[in-house]
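Only one chain comes next, encoded as structure tokens, the form predicted alone.
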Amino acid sequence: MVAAATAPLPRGATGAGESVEIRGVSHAFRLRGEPLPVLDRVDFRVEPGELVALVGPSGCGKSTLLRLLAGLDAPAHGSVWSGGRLVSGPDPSRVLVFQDPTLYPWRTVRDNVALGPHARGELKGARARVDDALRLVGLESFSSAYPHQLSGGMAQRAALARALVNDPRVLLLDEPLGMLDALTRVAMQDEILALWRRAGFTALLVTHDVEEALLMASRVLVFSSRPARVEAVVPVELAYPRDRADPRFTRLRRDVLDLCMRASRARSPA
């Protein structure tokens, strides 16, 4: 069940995504003048159009890894690659979606979604893309609303539309559903999967919810405690949509939870 190799797994429909490679990446922060190791020689590859979930103990470095992939930080050691190119800074082809939608309260939904093209001076030519993104997430009738007029799920849809308007080849999802209620979270899981299958981007999902990881991902990477390494890679060879009551799903959930428990004890926090 646990394997290091990538098996042929379901991908997005159009294959528009690009590969992601993490090569021997180590990273540390400075805390009171002392280094605090976060990542330790992390290696893995994500195939174009694949959706991979990252699970592991809180604070082990999963979100840091997404920031490195987004180009917001540079690794202390090792290298990060996307589409065969070294990641040396932010790029609109790689978009990071946070747990908090981080919408600007003084901008309408449409203006929030159009933020990327506006910042790049491309808004005039991107109006159709903005309309398409709003339609994809079901917010076209709320385009003139302000963030305070949206529910939590609608605000997260707006954040997704803001990411999708850039036509990303890599979508980085940092616990994007963690603040939603249970019913809205399930609905958003389905919506993200539908968008992924339609658009074909590559996606990396950080989540603390093992069931969510198994419902959405083609593989689950289990990280150790800090400084994190990839302790196990679990292929999820179940057809979409996945059934929580399927005995195979139940066994996978139990196995991944066991792996997470063992991985959390595999290394001592620095």
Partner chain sequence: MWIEERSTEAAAIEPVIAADDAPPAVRPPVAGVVAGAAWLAAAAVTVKWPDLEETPHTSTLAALQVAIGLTALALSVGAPWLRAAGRRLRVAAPWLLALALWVTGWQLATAKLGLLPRPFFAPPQALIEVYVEDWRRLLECTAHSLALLGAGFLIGGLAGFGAGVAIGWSRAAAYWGHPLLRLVGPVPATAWLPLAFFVFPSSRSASVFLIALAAGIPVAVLTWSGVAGVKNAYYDIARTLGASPRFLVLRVAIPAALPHVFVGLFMGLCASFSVLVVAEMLGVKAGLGWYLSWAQGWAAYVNMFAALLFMALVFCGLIALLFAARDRLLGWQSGLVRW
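Keep in mind the model is a prediction, meaning the values are calculated, not measured. Positions refer to the first chain, counted from 1.
If you look for the form predicted in complex with the partner chain, you will not find it shown, but the lines that follow are about it.
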{"item": "Residue 116 within 4.5 Å of the partner chain in the predicted complex, heavy atoms", "value": "yes"}
{"item": "Exercise: residue 188 in contact with the partner chain in the predicted complex, heavy atom 4.5 Å", "value": "no"}
{"item": "Contact of residue 102 with the partner chain in the predicted complex (heavy atom, 4.5 Å)", "value": "yes"}
{"item": "Residue 200 within 4.5 Å of the partner chain in the predicted complex, heavy atoms", "value": "no"}
{"item": "Stretch in contact in the predicted complex with the partner chain, which is absent here, among 79-87, 162-170, 191-199, 125-133 (heavy atoms within 4.5 Å)", "value": "162-170"}
{"item": "In the predicted complex, residues of 172-191 near the partner chain [heavy atom within 4.5 Å]", "value": "179, 181"}
